[in-house]
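In C-alpha cells, one chain follows: the form predicted alone.
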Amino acid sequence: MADSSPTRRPLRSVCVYCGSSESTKPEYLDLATRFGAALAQRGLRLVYGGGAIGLMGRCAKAAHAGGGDVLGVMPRFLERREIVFDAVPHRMVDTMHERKMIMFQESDAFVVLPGGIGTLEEAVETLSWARLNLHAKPVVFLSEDDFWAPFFSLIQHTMEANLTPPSFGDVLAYARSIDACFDAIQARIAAPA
C-alpha cells in the first residue's frame, strides 16, 4: 500500500463508491448526478469504478459535463457488464484488488453513495485500512433518505460490544446532503491526524 502514512494531504481527488444499477430509485440516480456536478463545481477530480451505468455512470457523466476531471478504473472482466464510460480517461486492470488499490492511491477522500454489496465491500475495506492506521483519508457516507442508517447502527453495535473502539467514529461520517458531505470531508482534512 503506497499511502501507509496516516498523514493527511490536500483535497484534490474524491473517490466515489456507489451502485451500478439503473433500476434503483430515481432519487439515488439524481443524487449521483448532483454529486458529480458538485465535484466539478468545486474543482475536484472524481475517481470511480469506470462504469457508464447506474449511479456510477450518472456521477461520472455529470462531473465530466461540468468540466471536471474524471478517472475511471475498470477491471477488464467487467468491461461489458458495467460498460466503460469512454469519454474520460481510464486505467484498465485485471483484478478487483488492483481497481481498489488504484482508486485508493489516486484519492484524498472517499464518498459512499447508495449501493449494494460491491459498494459496501469497497467502503468496508477502506474503513478497515483506516482502522489499521494505514491512512487518515476522510470517509463519508452520503444519502438523503437514511439509506446508510442501518450500517451506522451496526457500527454503533460493534462499538457497544467493545469490538470497535469508540474513536473509530471519528474516521467516518454520515451526511444527509451534498453540502454536509463536503463540510464533513473538510472537517476531517483539517483535523490533526
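Counting begins at 1, following the sequence as shown. As the structure is a computational prediction, the values presented were derived from the model and not from experiment.
There is also a form predicted together with a small molecule; it is not shown, and the following applies to it.
The candidate site formed by Ser20, Met56 and Glu122 is fully in contact with the small molecule in the predicted bound form, as each residue has a non-hydrogen atom within 4.5 angstroms of it. With the partner removed from view, the residue among Ile102, Ile83, Met96, Met92 that has a non-hydrogen atom within 4.5 Å of the small molecule in the predicted bound form turns out to be Met96. Put simply, Gly72 is far from the small molecule in the predicted bound form: not one heavy atom of it is within 4.5 Å.
The small molecule in the predicted bound form comes within 4.5 Å of a heavy atom belonging to Leu78.
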